[in-house]
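First comes one chain, alone, set out as structure tokens in the form predicted on its own.
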Amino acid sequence: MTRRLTITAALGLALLALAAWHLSAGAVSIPLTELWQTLTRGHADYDFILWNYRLPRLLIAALVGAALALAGLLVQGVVRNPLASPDILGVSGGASLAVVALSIGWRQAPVALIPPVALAGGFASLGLLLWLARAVWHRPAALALIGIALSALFAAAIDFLLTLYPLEINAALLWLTGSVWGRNWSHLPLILPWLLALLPVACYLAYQLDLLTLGDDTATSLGTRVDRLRLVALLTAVALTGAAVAVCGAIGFVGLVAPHMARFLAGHRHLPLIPVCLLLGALLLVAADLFARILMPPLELPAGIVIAFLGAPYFIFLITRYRHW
């Protein structure tokens, strides 16, 4: 318990330090002493850039990273495989396909329509996954393989749409690579309520997910309704992923890397894992957004590209380490 609290506190301090760096770095550098003054008492030179650009962007990156990490933790708990994540199961791909189709079919679509469309795409992909996996519902590995096939199918459909409508390719590619660029306070209500509402659900499911790691038969004998647990956990993960995709586009690997790092640091019980996982997800995306801004100024890379450069090698490492799965 003491070790977990120490790890959580250390991650919290690391996130605060990274947040300070995120707010101070950029085309206009803000000294740390004046950063604190701007946040508490205001500063004529930095008020506008800090309060209108960097602070909302920081908060959204942290919340989206936390939501994706929590979704990954739930998916991995259900599939019982640390190589699973919402993007690998096709949830992110389905949400992205829905948003790209909306942007192509209705160029003047209001921004407020993107979140429900992304959620609808995520839930539709989950429904298709469950329907295709109905005969192998009790085989988590088969569920993951079907999800990987759906991800490839959705990616092909997106490429097909972009080939047919090349004029929309720039906006679509920015969306598909995932970016926190241009996000402001108006995007905060698109992610914060979902995270606040679904976090207690994840905490409620934590003990049952612990039992599920023992196997379906053992979990059932201990009073867990396995089918309902899988469905509720997957629906929760889809809602979190859909909200994240609606705000920042398709950002992969956070839902894969953060839960695995959390298990390495804090063990395998899901309830203590949740705060560690949330902090790690926030750390990953905030760091990716920071480096995306400062690596090649004035060019700004999408945060999803930075995450992919970090996440893809880590995914290969996991595959080689867990090849017996």
Partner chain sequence: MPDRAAFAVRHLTAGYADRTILEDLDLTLARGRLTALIGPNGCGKSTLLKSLARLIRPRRGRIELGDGTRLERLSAKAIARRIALLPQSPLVPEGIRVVDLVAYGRSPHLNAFGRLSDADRDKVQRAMRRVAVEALAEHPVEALSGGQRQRVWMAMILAQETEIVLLDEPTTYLDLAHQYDLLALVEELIDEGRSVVTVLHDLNQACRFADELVVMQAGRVVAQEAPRAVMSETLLAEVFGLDARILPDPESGAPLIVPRVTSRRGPAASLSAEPPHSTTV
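Positions refer to the first chain, counted from 1. Please read all numbers here as calculations on a predicted model, not as lab measurements.
Only in words, not in the display: the form predicted in complex with the partner chain, which the text now covers.
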Is residue 159 close to the partner chain in the predicted complex, meaning a heavy atom pair under 4.5 Å apart or at it? no
Is residue 225 close enough to the partner chain in the predicted complex to count, meaning some heavy atom within 4.5 Å? yes
My question is simply whether residue 211 lines the interface with the partner chain in the predicted complex - judged by any non-hydrogen atom within 4.5 Å. yes
So, residue 220 and the partner chain: in the predicted complex, are they within 4.5 Å at any heavy atom pair? yes
Just one stretch in 203-211, 234-242, 123-131, 247-255 has heavy atoms within 4.5 Å of the partner chain in the predicted complex, so which one is it? 203-211
Heavy atom within 4.5 Å of the partner chain in the predicted complex - the one residue of 295, 271, 28, 32 that qualifies: 271
Just one of 116, 215, 193, 166 has a heavy atom within 4.5 angstroms of the partner chain in the predicted complex, so which one? 215
